[in-house]
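Only one chain comes next, encoded as structure tokens, the form predicted alone.
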Amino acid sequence: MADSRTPRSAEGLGSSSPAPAVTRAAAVLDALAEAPSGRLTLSDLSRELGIPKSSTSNLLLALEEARLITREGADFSLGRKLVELGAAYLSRLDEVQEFYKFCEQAPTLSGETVRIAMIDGDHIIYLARYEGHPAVRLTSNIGDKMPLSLSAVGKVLLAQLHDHDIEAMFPDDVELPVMTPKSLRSAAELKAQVAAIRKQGYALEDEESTLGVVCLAVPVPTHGAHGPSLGLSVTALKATFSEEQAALMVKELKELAHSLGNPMG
């Protein structure tokens, strides 16, 4: 069920927007994406947006007609049109195409699970995934989000930020999300890792998000002042992971990062 949040005004979400319907439509998609079951009812969404059921119903009909959502009985969920739009977006990112091409030819990475991700607030979102190691399937897929502190690529991208930005995002009293017994617990631990990452040039995530799985990551040089903050990561099984393997992985990740980024960066 959606949580019962207080509307932004008496008229509900989007009332102060120049295009309220668009704002509310985006909120519907966000709510469905965040729902644990992936499904919400008209009543759920009406409460989420803080607008009457009649207005919500009209909005849902329009989204359903556009194939952005689908309905099964009383439940609504995201529609397949969003997959088409996501694929169109990714197909226009030269970095994604080059990513797959490089991974297929790389001596070490071609046999591993490699991903490219972009920073999104205090999370990262995965843009592409090369599946070279079918045994590692417990990790995130394309479109999934992960807190910065729980992933190697999140931590390596965090290390590219200014200290005052990191402090604003992770003050000393903040509680970090926990997924395994090895997850970082405090902002102090995270900041200590950030300092180490800056010195060594790569990040390691050691069973912090998934037991039995380790991950290495490097940043991609930014395309100009307003380029996207991208990172590369490779996942391996803890049981077969070695320092020699890690060195080869980091070497190829850095070569890939250089090919994707600005050579002058």
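So that the term is clear: the rigid core is the largest set of C-alpha atoms that superpose within 1.5 Å between two forms. Numbers for residues come from their place in the sequence shown, where the first is 1. For clarity, every value in this text was computed on a predicted model and none was experimentally measured.
Keep in mind that the form predicted in complex with the DNA is missing from the display, and what follows is about it.
> Is it true that P20, T41 and S55 each have at least one non-hydrogen atom within 4.5 Å of the DNA in the predicted bound form?
Contact check passed for all of P20, T41 and S55.
> Of the residues K145, K182, K191, R71, which one places a heavy atom within 4.5 Å of the DNA in the predicted bound form?
Only one option qualifies, and that one is R71.
> Among the candidate stretches 30-38, 229-237, 56-64, 199-207, which one is within 4.5 Å of the DNA in the predicted bound form when only heavy atoms are counted?
Answer to the contact question: 56-64.
> Just checking, between this form and the one not shown and with the core aligned, does V174 shift 2 Å or more at the CA?
No, shifts by less than 2 Å.
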